[in-house]
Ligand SMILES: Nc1nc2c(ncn2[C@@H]2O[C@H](COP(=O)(O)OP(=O)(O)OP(=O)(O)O)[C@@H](O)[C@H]2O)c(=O)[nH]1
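The form predicted alone is given below as one chain in structure tokens.
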């Protein structure tokens, strides 16, 4: 009998949730960056094989903060946990468990659905770091048997899938066998551009920008795609950083975006027009946050 389950991927920022999803789906479904809290939405990645289908939901990293944006991100993660059939808890052994990890453990203790716990990044973690993480998990989840994996190296992921399928309910597939995400084109385009705009940016700037696709024209008959998008920042001084000296940085962002966008529109003539504008205090704008973060 075919199995089908929705699986929320939960963890702190930068625990490797998005990298795991991309490795499982064997393509870019969720953008990645060294910057914590890159993921802002509940992003679905769909994995299907002969056993059935797992609909993974990549969620924003759970982070303690009273800022409007961070509170909205945490709401997304909590909602995803409430609506799922299973939870995959990913923990980064390179970071010592702290208040955020204890918050997650407390949240998971109240959830009755099946859970799979994965210690990620075992390719770079020391034995002491992994043991420290195991001690934390035993303290908070007595008798648990955490798996170990490396999302980056695609190591141990089959064991994670086996554990998830073992606890998945029986049921028909929710998506087609060839589907890998349910994101619309406009969202995928905006996320790719945001990823490239974040690359190499330091301090607060990556969190201070969002991308708005103003126009997306796609002619399947003519094999032509035209994208016009705005990179929005909070302060006028940040526009110069995004543009760069002589437009050097915005060109870099456009070229890097172009390469990934070509994978979405293979065989098409692609034009990408990027602009930068200021959207003051957008992270405090509740109406805009509701539109951007779902």
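Residue numbers count along the first chain shown, from 1. Not measured: the values here are computed from a predicted model.
What comes next is about the form predicted together with this ligand, which is not displayed.
message = So this ligand isn't shown here. In the predicted bound form, which residue out of 144, 162, 214, 124 has a non-hydrogen atom within 4.5 Å of it?
response = In short, 124.
query = Within 4.5 Å of this ligand in the predicted bound form, heavy atoms considered, which of 48, 249, 68, 33?
reply = That would be 33.
ask   = Want to guess which of 265-273, 250-258, 55-63, 234-242 is within 4.5 Å of this ligand in the predicted bound form, heavy atoms only?
value = Stretch with heavy atoms near the partner: 55-63.
ask   = Does residue 150 reach this ligand in the predicted bound form if we count a contact as any heavy atom within 4.5 Å?
value = Yes, contact at 4.5 Å.
ask   = Listed by sequence position, which residues of 1-24 have a non-hydrogen atom within 4.5 angstroms of this ligand in the predicted bound form?
value = Contacting residues: 12, 13, 14, 15, 16, 17, 18, 19.
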